[in-house]
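Here we start with a single chain on its own, the form predicted on its own, put down as C-alpha cells.
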C-alpha cells in the first residue's frame, strides 16, 4: 500500500523531540490519516478497530457488559465519592490484576473510589488516526457525563487515557472541571504524605518508561526507590516506545515486535523482572516476550510492598 509510511508510526513523539527545526511530525501524520479516513483509504485493520470502538466501546470488540468483571468482593468502592477510578479498556478486559492492585493500594491509603457505571473507552486510537468528528462528539458526551456526577478527580492507570482526557478532550471540547491524575502520581503523593506504608522488597528491576508520561519519569523511580527497589536504567533515562500504539501493532506486527525487542533484550540482560507503568506497554511486551522475563505493573509491586510482613 502506497500509504504505508503514514501508518508506520506510533505517534510517540520521538520524532518531534529530535527534530532540529521543530516540525510537528506526529501532528502531520495525524492529519494525513484524517484525510485518508475521509477518503475511505485507511488500512482494513485500522477500520476494524475504529468500528469496534464506535460500536462496542472498546478496541477489541469485547462484550461491554463484562467491562467490570475485574471487580472482586475484597475491593472497597464507593457509590458517591468525588474520586473516580477509570480502569480503561486494556485493563478491564486483559489485565484485571492491575485494576485490583490499584484499588487495594488506594484502599490502604483510606481511599474508596467510585467506578463510572457508564465507563467509556478514552478513544485514543481515534485521536491517533484522525477521526476528529467522532472524537468531538464523544469528548462532549463523556465529559458532560463525568461532570454530571460531581466528580472532582479521575484516576487512570493507562497513560494513554491521561494524555487523551487531559490533552485531547480540552482541544476537542473545552477545559474539564475535574482533574485527571495518572495513578503513579497519586501513589507518589500518598507515599510522600505517609498515607501508604511500604516495606523494602530488596529487588533490582529494569524499568520501562511510558511515552505518554515522558515528562514525568522521576515519579515511578521515586515510588520504586521508596520500597527498596533498585532501578536499572536500560536506556539511560531516555524514553523508548514499546512499538505498539496508534495501529502499528495490528498493521505491522513484525515491525512492532522488533521495536518491543529493544526493551525486552536490554531488560533481560540486566534483570529477570521488568517493571512498567503503562498497561498497553505490558500487554504488547508480553506478546513479544521471547525471554524468561517477568513483566509487572508498578501497582502490583506497590501492593506487594504494602502487604509484605502482614
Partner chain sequence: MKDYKQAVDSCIDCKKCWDVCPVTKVKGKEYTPQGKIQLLSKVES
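Because the structure is predicted, anything quoted here is derived from the model rather than measured. Numbering follows the first chain given and starts at 1.
Keep in mind the form predicted in complex with the partner chain is missing from the figure; the text below concerns it.
When contacts are defined as a non-hydrogen atom within 4.5 Å, none of 102, 106 and 306 contacts the partner chain in the model of the complex. When the partner chain is considered in the model of the complex, only one residue from 246, 29, 53, 276 comes within 4.5 Å through any heavy atom, namely 29. Partner contacts here mean any heavy atom within 4.5 Å of the partner chain in the model of the complex, and among 42 to 50, 281 to 289, 65 to 73, 29 to 37 they occur only in 29 to 37. When the partner chain is considered in the model of the complex, residue 241 lines it closely, a heavy atom lying within 4.5 Å. By the criterion of a heavy atom within 4.5 Å, residue 293 is excluded from the residues contacting the partner chain in the model of the complex. In the model of the complex, the partner chain lies farther than 4.5 Å from every heavy atom of residue 264.
Not displayed here, the partner chain is kept clear of residue 301 by more than 4.5 Å at the level of heavy atoms in the model of the complex. Counting a residue when any of its non-hydrogen atoms is within 4.5 Å of the partner chain in the model of the complex, the hits in 245 to 261 run 248, 255, 258, 259.
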